[in-house]
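Given as structure tokens, the chain that follows is alone and in the form predicted on its own.
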């Protein structure tokens, strides 16, 4: 598939080009153009898969179906809009002396390399290459989190590297166990780790080995999802890295790591014939939702506040996929979409707000709507959307998840409702003072990129009011593939 070659080749070659030219004055525009071309390649691949169905490529090394091509499009789109947002944002950071020429080169090249690793993880058919791609994403984002080279950013990058390194090591052991189970079922060589082969023979896999493998894979990839109790890297990485990186961490990396968990769950369900994998995902998801909700009220940094919100929502989505079934899987896919769009929009607005105030401290950011209505209203509307107010898409997704939980797992519903109420009170109480308080911010030397904020929020609003028939059919097909 030529579309797949362009999809992976553009960011990979772009990373090499920006490694040499990433410090130039027009490098941010080059980064945005490359991201735009990647998005066009993703759209072309999506059209092809929808029209002809799932396909493998390059001797089955790559596999694209309705499930992962949906995430490919979402990843490429948010990568493009984040690059647009990062153009004025990084110029302000450079003008203020926070980053130099070398740091700009590193930022732009690693941004493209990060995009490449995310798309590689989504499209590969080999569970070993999936692990390698997520490890590559970790290394790229470690360099981006430490971009400012302050003691706090270096500490955050080190914590990120250690915790995610430990997690990815667990995932490697789980992958080895998966290979062991496949080899006992007759798989040989590199074909033993091809997901399509594993899925076709999942009923023949050794149940005890697969059960242990899934535990390691869930803990390993769950670390990158931000599931408790190995979530501590995420707030620090968001708070200390550049805001565009916070946006792609919440909007892209967490989704891709959860995608890896879901692919493993499909294999575990088929091999075990029980709901063990789903129960584990529900348990970790519920713990994450409750724990993060009560941490929200203690945050004083705007980016840490929304980082914990990302942890809460990823727990909610993990719980949905753990329940399984047509409605819960559909709701989980919808929630992945609207959370990624909404949270990246919030980080866009929060990044400009922090630049205007010269600080990320919530108490020192006031009156955004008076000095910059676009930033202020973008942050306020995005907050209302992520808190689950109707008619935004987050409300629709959470409503379906809660009603499914009420019907099938009533014991969990009170925990979810209490966590949502606590999160609403904590986040809304902090954001409304930032937006409507007495002004304490100043204008920026470069006009903020407000268009990506409102494009994302308009899409989230539309998905809350009406899901187009083709998109709904796409979600249903992907939900049925999950099981």
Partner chain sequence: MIVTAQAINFIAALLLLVAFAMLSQRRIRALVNLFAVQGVLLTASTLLTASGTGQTHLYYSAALTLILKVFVLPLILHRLVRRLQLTGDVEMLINTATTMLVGIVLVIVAFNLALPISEFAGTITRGTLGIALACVLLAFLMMITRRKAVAQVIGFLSMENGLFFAATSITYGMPMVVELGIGLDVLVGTFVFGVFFFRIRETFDSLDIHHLERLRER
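Positions refer to the first chain, counted from 1. What you see is a predicted model, and the numbers here were worked out from it, not measured in a lab.
Not pictured, yet referred to below: the form predicted in complex with its partner chain.
Looking at residue 269, you'd find every heavy atom of it more than 4.5 angstroms from its partner chain in the predicted bound form.
Heavy atoms of residue 125 never reach within 4.5 Å of its partner chain in the predicted bound form, leaving it off the interface. Residue contact check for residue 300: one or more of its heavy atoms lie within 4.5 Å of its partner chain in the predicted bound form.
Using a 4.5 Å cutoff between non-hydrogen atoms, residue 179 counts as a contact of its partner chain in the predicted bound form. Judged by heavy atoms within 4.5 Å of its partner chain in the predicted bound form, the contact stretch among the candidates 279-287, 392-400, 249-257, 302-310 is 302-310. With respect to its partner chain in the predicted bound form, the three residues 12, 54 and 62 uniformly fall beyond 4.5 angstroms at the level of their nearest heavy atom.
132 is the sole member of 412, 132, 374, 380 with a non-hydrogen atom within 4.5 Å of its partner chain in the predicted bound form. Checked against its partner chain in the predicted bound form, the residues 74, 212, 92, 201 give one hit for a heavy atom within 4.5 Å, which is 212. In this stretch, 96-110, the one residue having a heavy atom within 4.5 Å of its partner chain in the predicted bound form is 106; the partner itself is omitted from this view.
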